[in-house]
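Two forms, one chain: they're shown below as structure tokens, one block per form, named structure 1 and structure 2.
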Structure 1
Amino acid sequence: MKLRRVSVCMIALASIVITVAMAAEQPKAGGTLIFAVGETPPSFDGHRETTFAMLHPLAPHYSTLLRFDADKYPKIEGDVAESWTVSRDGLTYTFKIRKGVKFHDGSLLTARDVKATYDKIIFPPEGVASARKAYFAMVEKMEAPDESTVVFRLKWPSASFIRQVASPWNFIYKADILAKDPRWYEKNVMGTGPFTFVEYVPGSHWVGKKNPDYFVKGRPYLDGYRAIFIRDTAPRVAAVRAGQALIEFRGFNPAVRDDLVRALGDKIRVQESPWICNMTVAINNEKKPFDDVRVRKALTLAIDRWEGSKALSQISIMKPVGGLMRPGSEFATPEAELTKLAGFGKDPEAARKEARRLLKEAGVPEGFAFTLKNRNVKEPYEAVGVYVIDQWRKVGLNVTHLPQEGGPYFADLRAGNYETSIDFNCDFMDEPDYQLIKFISSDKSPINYARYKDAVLDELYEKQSRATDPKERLKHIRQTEKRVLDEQAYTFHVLWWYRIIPHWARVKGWPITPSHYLNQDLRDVWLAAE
């Protein structure tokens, strides 16, 4: 055990030293980066999809209006926008577009392309899916008064607008293509990013090559990249160990990290970070007895999250205990307040005693049986499901675990065909508009699978979104958290994720961030000599 603790400490220290050293090294041009991806893209459209399986292979082909600076996260910088200004009343944002930016077909990007892109995202035509339409509810309209200017006019001042614009999903598309077929990008690629498209072989690989006309001088360093699709974790780890893939950008658990470090020694590097992802328990509020707040509260009280963190952090990417906002973020609830919420206290026996009392009061018999549905993904879904069921058995519940393939799993959540289910919430930034939208009424949020309606939560969401005073915004966030997790226990978090990226030491210029959606255009990545 002492050796293991020393090993983990050495890994953490090495990660810090490596991050500092990376900044001092001089980039070298050339080479092809090979990386592993755990799933294949459902489509190629960044405006429609929500999975890393699309973003990781496709992001290098595209630019966005703004972007997060990976070296100084969460600082925002321009991408195709060279500058922007905001009116005094916070209702008008004016972006100046860089001149000379070219699409991969050689045509010039103008403000018209940016406007057409955001028209598709915010005001999609019938039959076109936009996963982020709701996040831009504050936008009244966009204008392109000339070739280098885009103006966004808002209905109300928004604390999150500029960060929404920096979303890595907001690929800039060509206006002429969208005018002919707004769904063209679901099956085709045409961007202004650092790499051009070469080929895609479904189930096998995706290839991109260096864009010689990329607008950032001297970038990219790589000659190209190759994403190889490997669904199962074990062969994906084996590919990294053998050097068939130099990195996997989503993350591995501590056991894999330690195994790779032992096997590869100084050929491997490890970067670690908090992660804006969490595992939740979705409860179908429309089904008995889960329509009773006493039953839902008993379910959350039964789970010892602090012990769960100790156990699951050794075998999975689960680690931090937290509420609706990521632990450690500027919006996080202090531990002293968090432990007052149902299920987050540090006296598990007292909590389980109260859970049994509530179940009995609600008329739920000892040994009551129901099903916990889950996604058939071992890391981290199945581990969390097994733990939650073990916790519920300690208050006399008899729960069956039912892992499902991705298609049926998501279909059942959306249709309400479940009693309880393991769910997740992942975002690219610490932003209450993103993290809290899951908890407003189900008729307003398509990702609220718990199927409840609550006008109080809807009002609180709008208040926090429009608040320009940070203290006022925090007040509304805390009220939202208490109502969701404690007073009504509609649905609740289990643990947050913790990101661990072991990669070959040859991979340079890629600093880890708290999101596996960010820093994936590969423009600053380079390969050192073997």
Structure 2
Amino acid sequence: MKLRRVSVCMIALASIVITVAMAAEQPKAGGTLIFAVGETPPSFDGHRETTFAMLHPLAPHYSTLLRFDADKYPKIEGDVAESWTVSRDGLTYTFKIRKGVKFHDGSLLTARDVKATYDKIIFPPEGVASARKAYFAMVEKMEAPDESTVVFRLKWPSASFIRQVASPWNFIYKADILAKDPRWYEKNVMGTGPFTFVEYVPGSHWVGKKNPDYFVKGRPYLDGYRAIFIRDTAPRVAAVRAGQALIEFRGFNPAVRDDLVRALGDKIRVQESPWICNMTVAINNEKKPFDDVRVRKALTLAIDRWEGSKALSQISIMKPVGGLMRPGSEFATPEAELTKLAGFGKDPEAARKEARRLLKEAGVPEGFAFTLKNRNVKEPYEAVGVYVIDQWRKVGLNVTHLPQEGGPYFADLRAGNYETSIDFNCDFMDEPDYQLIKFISSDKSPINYARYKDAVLDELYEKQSRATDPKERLKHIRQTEKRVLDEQAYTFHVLWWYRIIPHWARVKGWPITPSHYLNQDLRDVWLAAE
């Protein structure tokens, strides 16, 4: 009897604890999220801009047609689209638009607005810049047969189309405004997102407040948000440490993470994820002796990426070892296969021996001197540059590190005024159409700084992009990877970035994703009691 009573008491106590714990994690409405942004937005137009500095303060004002489900990335869900269907031939996508979605001025969003938005992105009128037009080359036309239906007709089946429609950049704009002035959105805000626009003081801060008519019931939880622009890292860290900013969505390096955890203990929560950004060594294939595949292969063989990951991950945001697709993504090459590619093996001594042999065979003398140009950004650029040079020294190469200010750095990359250079790539999603475009022929891709032309790679790119069978697509991706990194060693990744977000534990409902461009509408974010 006594035992029974104790058991009942224990169960009751456990229920109370669980209830309290659950109540503690129940989203709570109210409060203002203050976050730091490391740059200031250029214009306010998501279709034109490419920087997180525009996206972080502005994304909460807008909806997109589809969106990535941050909890289950890379799963896609509807945003203003309620549902969508694809025709059997993969050429027609039909989106049903939610009813009752209102712009912040109270007007209803219809299929006409969605069509006008994508018209601006894909077929921009004269004098209007669209940064993403090239990615929608497969779209032939759009139609809005009724108020709640939008139809995209494609020229060819596309493996990436549906993900592209979930792009966080493709804010849905109001058709009437675009009709009057297609550049209105460069300086103004009018969306259907969870927060309405309050104030922007250039270079200082951006303020948004809760949209009471937001179409997702019960969202957003926050009363509002304030983005503070803090360009320098040290004050940004200080702002988080002092609680003046509760979070910074791009990320900090491991040293900052450790400092914040040491200073604030359990008030800080750390979320980490591999990042869809990487550091690359661009080799100028037009310059001697780098036009020789043996030399290029020796350069990649000389780099011990696995040791580099261990070393650099302690001081910088570099960590995962991977091929052309982000490690951990559905398109990534498994480690067993990856280690067979030149420079990705786990026996650095054997790789270096092979590198020396190739250099000798190519007639490159011991102590051969050349320059590695770099961007004068300490982290991660210069850290990676220093590591790469150290690795090349181990095979008898004498490399000078030349960090440059942004202007000359990009001008030299673009003009081919370099021998080797640190390069980088960053995207909002794991998508071969995005990550592989850098490696097609330089006359087709302006970001192929390695300046080679390769019809085989161009064909492989087209094939993977149009493949409707995922297995077939993966096969083309692997072939591309082998050709770029191993057979021709045109250019190569060193390491992928690793995203570290130490934020105040009070900030809830914001799961980290592999991109600092995603999950920024703040609709599910809430603040726990202090």
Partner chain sequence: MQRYILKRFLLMIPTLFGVAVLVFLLLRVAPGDVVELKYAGVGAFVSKEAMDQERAQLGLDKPLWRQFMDWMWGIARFDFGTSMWTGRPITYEIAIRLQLSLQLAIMATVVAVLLSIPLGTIAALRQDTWVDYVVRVFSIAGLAMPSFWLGILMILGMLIFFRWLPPMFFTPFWIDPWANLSQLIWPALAVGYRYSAVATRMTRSAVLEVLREDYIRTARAKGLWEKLILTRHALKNAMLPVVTVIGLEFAFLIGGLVVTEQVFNLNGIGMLFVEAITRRDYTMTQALVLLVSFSFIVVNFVMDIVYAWLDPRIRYQ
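Here the structure is a predicted model, which means the values were calculated and not measured. Sequence positions of structure 1, starting at 1, serve as the residue numbers. Rigid core: the largest C-alpha set superposing within 1.5 Å between the two forms.
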**Prompt:** Pick one: is 1 or 2 the form predicted together with the partner chain?
**Reply:** 2
**Item:** Exercise: are residue 299 and residue 479 on one rigid part between structures 1 and 2
**Value:** yes
**Prompt:** Which angle, in degrees, describes the smaller rigid part turning against the larger between structures 1 and 2?
**Reply:** 14
**Request:** Keeping the rigid core fixed, work out how far the Cα of residue 423 travels between structures 1 and 2, to one decimal in Å.
**Result:** 3.3
**Asked** After superposition on the rigid core, what is the displacement of the C-alpha atom of residue 395 between structures 1 and 2, in Å?
**Response** 7.3
